[in-house]
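What follows is a single chain, given as structure tokens, in the form predicted alone.
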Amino acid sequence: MTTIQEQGARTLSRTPGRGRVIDAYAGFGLMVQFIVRRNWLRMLIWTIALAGMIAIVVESQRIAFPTQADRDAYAAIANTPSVAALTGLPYAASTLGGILNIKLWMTEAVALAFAVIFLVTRNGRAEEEAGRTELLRGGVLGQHAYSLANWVVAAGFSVLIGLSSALVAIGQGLPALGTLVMGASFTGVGLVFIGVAAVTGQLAQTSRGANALASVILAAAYLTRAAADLQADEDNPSILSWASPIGWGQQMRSYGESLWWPFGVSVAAAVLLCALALLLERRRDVGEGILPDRRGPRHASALTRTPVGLTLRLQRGSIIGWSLGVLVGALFFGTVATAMADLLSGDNPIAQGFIGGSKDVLDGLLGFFAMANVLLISAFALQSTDTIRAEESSGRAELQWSRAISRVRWALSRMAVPAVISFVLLAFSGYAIGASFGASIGDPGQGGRFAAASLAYWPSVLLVIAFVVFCAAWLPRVASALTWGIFGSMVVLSMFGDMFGLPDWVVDNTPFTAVPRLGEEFSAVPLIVIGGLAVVLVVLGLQRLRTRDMTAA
């Protein structure tokens, strides 16, 4: 704090005639260093994960499609409405760069958008909510210095992701111009959502509210882009695409026409949003939001006075949002399965990645979709359980631990909610996949079969919950970044391991691929092993949480 005051005093002494303008940004450079120091590990993990996926996908597709004839055949399969809705229009689909876009562009862009939203909120609204921003401003730190530093660091992170992705792709032999445009398109999407998170951080009064509002905007951008691509004329999307920041990134058409000017649109939008955020910040008090919180009841209900009830109350918005998303995705998976299966033949180079060990293409594809649905539910479970660490780092857990409830009972209540909700979601979403698939083939009895297949993954979801508890107890300072990083790796291995040509012993032994898919011979042994690992991790985590000192952020 003394260092901030000294640097701010020197800044003001050099510019005695400029008054409030300098005051507002005093300490900016020091805040950049501070934010980088707090977040360098998170940014490094994201960079390695996102850039590393580029290398894996390019190399695997070079093996899967060694000749131009193979790539032309893939381009014909990729040019379907379902692919356009999920991954965007297939620009230059007969090239390795175009295949990279189809396989990975949407994943990278959306992942980067989420990364910068969480990063901006963590260093912005969350710090203000915890009272640390007010403490910093108690010295000579300018009103806008911390916020601007936060956005600049996040922008630098977006540029780093774009450059590292481009360099990795160039190292894999892809054309330099198309690769640089691809990297810039990632950066452009990231910059826009930095601006979105900056504004939502001014509107909401809590970090949870800011993240939720920004995530809703991201979801709306994705759905708008999907609707525009479904209305496309060949590879030309409808004008609706320009209503989505994700659409702006796709309109750069890397490896095709490679257009730079949409990047300028993204930069301009990001600058305007950040300028709006600065204007809002000037007009509100520290710790307050532009949107007022709704008044709650005068007295807590009987349910809210219990640990589980309080957890449900705090997470009800997240639970509702994830539940709707999972069920909509399940209905989509079941509806498109038959159409996609018709496009995949046993000798197709990407078919094996979908069907796994199943003898029937349709069953294999449905099993793949069921696993993808489980991964979404596991992401919810991870986010929900991660509140164990978030509550501790914010200091709110200390208030609860100081009362009659024990740490173990408190942690168990935060494990019970994602465990039970995930069980319900597995059952209902599995039934939704089966029911929508059954409706498309005229067999209404498929729902129960798919619900049972989805519930077989419940031990895997419990293992995710247990791993989060273990990391929060033993590695609290890096728990969130570590759990999300490893989970992301598991998602890639589970969904794309076969397509990447990775060894079977790697692909077949993740917590999700070890469970027999729909259409494969069922065995209870993997479920027992996974459940046993979950129990061990929970016991070790709770024992450590009970005995260690409280660890702040």
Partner chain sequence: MTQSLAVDVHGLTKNFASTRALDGLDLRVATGSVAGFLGPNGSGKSTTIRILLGLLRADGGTATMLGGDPWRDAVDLHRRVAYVAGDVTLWPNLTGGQAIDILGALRGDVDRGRIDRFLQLFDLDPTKKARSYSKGNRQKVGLVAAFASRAELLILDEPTNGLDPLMEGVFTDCVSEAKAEGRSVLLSSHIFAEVEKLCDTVTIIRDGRTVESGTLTELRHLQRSTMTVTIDGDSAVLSAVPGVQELTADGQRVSFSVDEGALPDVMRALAPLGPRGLISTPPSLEELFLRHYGLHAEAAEAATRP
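Because the structure is predicted, anything quoted here is derived from the model rather than measured. Numbering follows the first chain given and starts at 1.
This protein has a second form, the form predicted in complex with its partner chain, left out of what is shown; the following refers to that one.
Visitor: Taking 4.5 angstroms as the heavy atom distance cut-off, pick the stretch from 391-399, 461-469, 161-169, 256-264 that is near its partner chain in the model of the complex.
Guide: It is the stretch 391-399.
Visitor: My question is simply whether R407 lines the interface with its partner chain in the model of the complex - judged by any non-hydrogen atom within 4.5 Å.
Guide: Flag for R407 set to yes.
Visitor: With the partner left out here, check for me: in the model of the complex, does some heavy atom of R313 sit within 4.5 Å of its partner chain?
Guide: Output for R313 is yes: heavy atoms within 4.5 Å of its partner chain.
Visitor: Residue-level contact is defined here as any heavy atom of the residue lying within 4.5 Å of its partner chain in the model of the complex; does V424 satisfy this criterion?
Guide: So V424 does not count as contacting its partner chain.
Visitor: Please tell me whether any heavy atom belonging to R283 falls inside 4.5 Å of a heavy atom of its partner chain, as the geometry stands in the model of the complex.
Guide: R283: no contact with its partner chain in the model of the complex.
Visitor: Considering non-hydrogen atoms and a 4.5 Å limit, which listed residue (T304, T133, S215, Q143) is close to its partner chain in the model of the complex?
Guide: None of the others qualify; the residue that does is T304.
Visitor: Out of T224, Q205, S238, T95, which one falls within 4.5 Å of its partner chain in the model of the complex, going by heavy atoms?
Guide: It is Q205.
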